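Okay, here we've got a single chain as structure tokens, the form predicted on its own, with questions on binding and movement later.
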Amino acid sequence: MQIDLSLLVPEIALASLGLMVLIFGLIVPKSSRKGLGWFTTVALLLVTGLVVAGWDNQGSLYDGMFMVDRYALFFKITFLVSAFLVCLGSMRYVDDFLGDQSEYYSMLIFATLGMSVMASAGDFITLYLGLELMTISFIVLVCFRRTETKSVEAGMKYVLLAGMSSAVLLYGLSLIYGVTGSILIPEVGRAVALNPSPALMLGLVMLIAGLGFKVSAVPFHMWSPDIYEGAPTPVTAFLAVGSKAASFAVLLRVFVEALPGIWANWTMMMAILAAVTIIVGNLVAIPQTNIKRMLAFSSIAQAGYILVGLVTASEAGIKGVMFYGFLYVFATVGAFTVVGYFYNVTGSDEIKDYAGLAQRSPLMAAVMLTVMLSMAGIPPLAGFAGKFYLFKTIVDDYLWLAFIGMIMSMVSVYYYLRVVLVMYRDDPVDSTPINISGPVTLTLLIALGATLYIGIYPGPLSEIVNSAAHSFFVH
């Protein structure tokens, strides 16, 4: 069997980079390790360039166990862009609070590698291996501040809950294998159409529960607030963006390609799950006083919006998920970069302490205002275009879900603007200007520019996503 290794270039590059950074941490003197942040950032940018250059290089490996199409490549670009921005924006935070640069950056890379494997998984074993590589890397990252009680507690909770969800997911996959006799996703799709059974329905429910945990959909969201609050802020940003995008890539691949024969059995379940997630996420975010907890519940609500695109299981729905997932990277990383740098300076994550931020750092306040309004879906920002593509797919058959989404978007404006009012209206307790480091400034400018550009000119990204979504159905 001849193997086209060019299809594995991103994975080989990430695995080599992760090991290289880990080894550098052993041989490079401690005083010189601060350069690892720039090395990792530039290397991730180069890997992103390799994926973009291989946009037309499609195929499958190992008898369909590993699939490379534009759908997978688009998600890999999303993961790499988010890893690049998190790495760029967290250098100062890592130097001041974490210290172990090589371990932090290598775990970040290995988490990205796990996501990349998940996006290309053509069978259940590859899917599970990618998922566990990502999860184990995040467990290490979540409890990275091992001298801080909240971080260690968050790590312990994540170990227990992630293990439980993985067990449920694995049992669901084993039931589907037992019914269909195959682990290859396309073959499962053909077998399911011929043999729907009660065991298959149970496997489906367990699949939704296992992956629902990964995307923090209600009622599987209980881990998000505590872990988002306890984890180091850059890790929280990557957890909110990368792991969600990877899990949605798997959700789409499994439900649309492997379970189309029982589509009628799960589409209403997915619509109800999306509605409950949107409602609970937005309503519980309102009383929060800690900005990381507020963004955690906001992230839950955003997962609900993305689930809307899965309801129709159509090319347009997949396009909506991919479009929204990509722009969500910039909004979330922008918000958490501000939160992380503000914590560097003040040591606080309380919303009330953001008083007068517009006077102390106009750029940080402007970025926070822009990305929050984008997540609320206010035009002409990127979030409006993303929600438009998502809701457009369900208007004909699920008008009630579109109404819930629009009403809850208006509710989200309330708690987002509460932060904005504190930043722009209240007087600062300490009026000392906040000097932003170069990497953080660059991260904030990229997040701000992308949020504005995609909102005003969604056409270029829309064409790329159309091509990627179309390739999903061409096998």
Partner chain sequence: MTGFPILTTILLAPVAAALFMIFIPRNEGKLIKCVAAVGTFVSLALSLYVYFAYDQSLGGLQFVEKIPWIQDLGVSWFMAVDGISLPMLLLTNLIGFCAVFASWNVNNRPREFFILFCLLVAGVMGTFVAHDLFIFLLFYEVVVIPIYVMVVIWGSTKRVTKEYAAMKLTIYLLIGSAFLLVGVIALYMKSVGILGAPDMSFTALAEAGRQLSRYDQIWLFGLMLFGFGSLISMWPFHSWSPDGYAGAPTAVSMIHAGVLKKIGGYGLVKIALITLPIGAQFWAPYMAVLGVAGVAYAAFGALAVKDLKYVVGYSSVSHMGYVMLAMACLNVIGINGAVANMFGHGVMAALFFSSIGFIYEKTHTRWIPDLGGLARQTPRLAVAFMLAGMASLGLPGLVTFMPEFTIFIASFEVFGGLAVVGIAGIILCALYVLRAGANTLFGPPRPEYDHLKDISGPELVPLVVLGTVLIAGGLLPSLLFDMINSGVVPLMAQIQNVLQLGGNF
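All of these numbers come straight from a predicted model, not from anything done at the bench. Numbering follows the first chain given and starts at 1.
The same protein has a further form, the form predicted in complex with the partner chain, not shown here; the description that follows concerns it.
Three-residue candidate spot Pro380, Tyr424 and Glu463; every residue lies within 4.5 angstroms of the partner chain in the model of the complex by at least one non-hydrogen atom. For Gln359, a non-hydrogen atom is located within 4.5 Å of the partner chain in the model of the complex, even though that partner is not displayed. Although the partner is absent from this view, Asp96 stays clear of the partner chain in the model of the complex, with no non-hydrogen atom inside 4.5 angstroms. When contacts are judged by a 4.5 Å heavy atom cut-off, Leu417 counts as touching the partner chain in the model of the complex.
When the partner chain is considered in the model of the complex, Leu45 lies well away from it, no heavy atom lying within 4.5 Å. Shown without its partner, this chain lists Arg293, His221, Lys319, Arg253 as candidates; in the model of the complex, only Lys319 has a non-hydrogen atom within 4.5 angstroms of the partner chain. When the partner chain is considered in the model of the complex, only one residue from Phe110, Phe326, Phe391, Tyr341 comes within 4.5 Å through any heavy atom, namely Phe391. Contact with the partner chain in the model of the complex, judged as any non-hydrogen atom within 4.5 angstroms, is confined among 66-74, 406-414, 51-59, 441-449 to 406-414. Along 443-460, a non-hydrogen atom within 4.5 Å of the partner chain in the model of the complex is carried by Gly455, Ile456, Tyr457, Pro458, Gly459, in order along the sequence.
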